[in-house]
Each structure stands twice: as C-alpha cells, then as structure tokens.
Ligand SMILES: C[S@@+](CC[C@H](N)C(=O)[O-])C[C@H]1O[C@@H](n2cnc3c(N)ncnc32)[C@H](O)[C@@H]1O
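There is one chain below, alone, in structure tokens, taken in the form predicted alone.
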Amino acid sequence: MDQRPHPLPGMSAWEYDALKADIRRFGVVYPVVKDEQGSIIDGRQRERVCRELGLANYPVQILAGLSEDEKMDRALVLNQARRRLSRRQMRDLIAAELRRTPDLSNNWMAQILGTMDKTVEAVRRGLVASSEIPRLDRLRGKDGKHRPVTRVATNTAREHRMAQDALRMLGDDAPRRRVELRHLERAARWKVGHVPLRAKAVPVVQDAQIRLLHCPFQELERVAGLQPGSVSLILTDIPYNQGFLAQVQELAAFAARALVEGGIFVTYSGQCHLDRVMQALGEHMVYRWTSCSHIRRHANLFHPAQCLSFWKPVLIYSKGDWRKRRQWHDFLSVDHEEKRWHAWQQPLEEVERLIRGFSEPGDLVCDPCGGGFTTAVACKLLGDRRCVSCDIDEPAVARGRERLAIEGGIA
C-alpha cells in the first residue's frame, strides 16, 4: 500500500460509506491515478473501497515522469475538483503547501488549490511573520518548471500491469504525452525488439503439465509421446500466408488422430485464403461454427482489396459428434492487441476464454503452432489444464519458455 502523506483531511465515516455505496452501485467513475511505480497519486479511498468490495478491475490512469512535488500538486488539483473544504481546512492546506514549496507564486498555488490568490497571500504573510518560511523576492510561476508527462489510461488490473511493464522497459524513452496502451506496448517492443535471447537467460524449468517443444507439428506425436485420442482441445493460430496452405490438410489429419472422440479443434485464420483453409480442415473434421475475434479501435489494411478489416475468423471443428456442454458466445472482443512475445501473438484474455469454453479441468490442450505460446501460458494461469505445444522456430520456443517463466510463474 502507498504510504505517501497526503495534505488533505481524510474522509469522515459517513463520507466513506457514501463513496462505498456509490462504487458498489455505479463502479469507479474517477480513475485511480498512479505513477509508473504503482504508487497512488490520487484515489486512495477509491482503491480501498475496491479492495473491500473485491473489485479487481477498475479504471487506472498512469502518470509517468513527475517529480514528487508535481505528484503532490496533481493530487491536490484532482481532489479539489471533487471536494469542498471549510475555510479553516483550506487555510491549513495552504499553510502546509507553502511550507513544502514556499517559492510557488500565490496565483499558481491558488489555481492548484482552487482558492483566491489573496487568501494564499494572507497565509504566506502569517508564515513569514512567524519565521516558518523565508521571505522571497522572486516566486516560481506556472511556467517556471515544466516536465512533460506520460499519461496511460487502463481499465483492468491486467492492463495496469501491462502498462507498468511497458513503462519499465521504456524507462526514459517513454513518450511524454497521452498514449494508448497498445501504442505504449508497441514502443516497448521496438525497444527490446528483436534482440536474440542469450543462452540460459531464463532457466528452463521442467513442468510435466505444460510442455513447450521445438519441432514441427508433423513430429509432435513422436517427440511428445502423444497417444491417439488423448487431446481434448487443439487451440492454435495457423500461419495465414499462402505457403502454409499445403500443410493445413496435414494439420487436420494430425488433429483427427490426436483428438478424443468429440474433441474440439479451434484455430484463428486469415480472411484471404479462408475458403481453402476450411476445405482442407473439412476433409478430416466436422465444421461447427465461426467466431469473431475483434480488437476494439484497431484494424488491418488488406492492400489488394483496400479493405480495412476489424475482425478475424476463429474456426471451430469437431472430431465426430458435437459435445459442447455449456453456453458460449461467438464474439470475442478485447481492447488492444498483444505483440510483446511474438509478431502473431493473440490476446491472452481471449485465449483463456476459448480454453474455458471448449475444454474441462484436467483436459489435455494442444497448440501445434505455438508462436507466442499464449495457449500454453493460458493453461498454466488457469491451473487446471495440461498443455503440450510446439513450434518449428527455435528462438520462438526459447522466448516462449521465457514468457512461461515470467507470466506463468514457474521459474
């Protein structure tokens, strides 16, 4: 918990109860404001209420690049927009701020605190007379010190962690402006970029439940010792290029061997060769449905058709009879793309939903085109599924093991 002292008086019991009732009914309206280290600048009481109500996801705005004085000024500005202080409380607050920053001009402090410059001047004269602050000939105005700030808005605990990770990676290279999380992550990816992993950078931990292997999917049965009819769900993201089309039928044949009777095959697919992909898959499995994967405020331009595409298909097939046990919906929507670990990485939240929707605890899940190994990480985080995954690209497997160690907590 953040321990930075706050100059404003605390809430009374009835004010806190009213805030708690309001958040319980309407959620958090004003975002909690934190710095890049996770310390709270504004919103201690709102975060306390969320903890007591068990709310993990609430809006958070991250302000990076502020000095300690600027953080305090920002907290005062945000609080004054919502709270009303008595005359005595306001004068006490002005006195505390003048003791902290006596060189701040009366006019600028009045704007920060939401009062009159004459009131600030009167309090200043009293503090100077009692020798609590020095008499200064020159005072610092609003433009006397300017430090650009990185502003990132987040809405869930997971987004908040992702923003902090990106800011830590960027350091002083963080863009000093308001920036969307997906753009911040993109900048972080470019900074750490395509730097090859050093040997033994992350210890390879053997996990009997989650196995990441370096091999083509055509050899996965032999390398992993997969028995026919042992996999309940195959969840993957096949390459979308024309060069992989010749292997789609091989992948479908692999799925038909590996899946249990009634097992589910789910794959992301591009739009361009969708007809040929579906034809190849349909030769070995039964087509069931097409879901929509949608990333809000994001589109890809397909140049030959000059089409801005806002979604991609998620194809669902079964081996034999359809054995879906619970309700599910076919629209998957997340706020931003995730490409930290692989250029073709899919959103973790979305993959988790697919795993929960098409498998049961204890099931074996397989991803034969690992890429960023999101399926494996999701199984590890869920904690009740086994997973075997492979990729033909050795650096991708090394990076996947690093990701599993960091995000899955196995290192």
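These numbers were taken from a predicted model, which means no experiment stands behind them. Numbering starts at 1 and runs along the sequence shown.
Note that the form predicted in complex with the named molecule isn't included here; everything after this is about it.
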> Ile392: heavy atom within 4.5 Å of the named molecule in the model of the complex?
Replying inline: yes
> in the model of the complex, does Gln345 have a heavy atom within 4.5 Å of the named molecule?
Replying inline: yes
> Is Pro216 close to the named molecule in the model of the complex, meaning a heavy atom pair under 4.5 Å apart or at it?
Replying inline: yes
> Does Leu63 reach the named molecule in the model of the complex if we count a contact as any heavy atom within 4.5 Å?
Replying inline: no
> Going by heavy atoms within 4.5 Å, which of 93-101, 123-131, 238-246, 270-278 lines up against the named molecule in the model of the complex?
Replying inline: 238-246
> Which one of Val28, Val33, Val49, Cys369 is close to the named molecule in the model of the complex, taking close to mean a heavy atom within 4.5 Å?
Replying inline: Cys369
> Within 34-53, which residues have a heavy atom closer than or equal to 4.5 Å from the named molecule in the model of the complex?
Replying inline: none
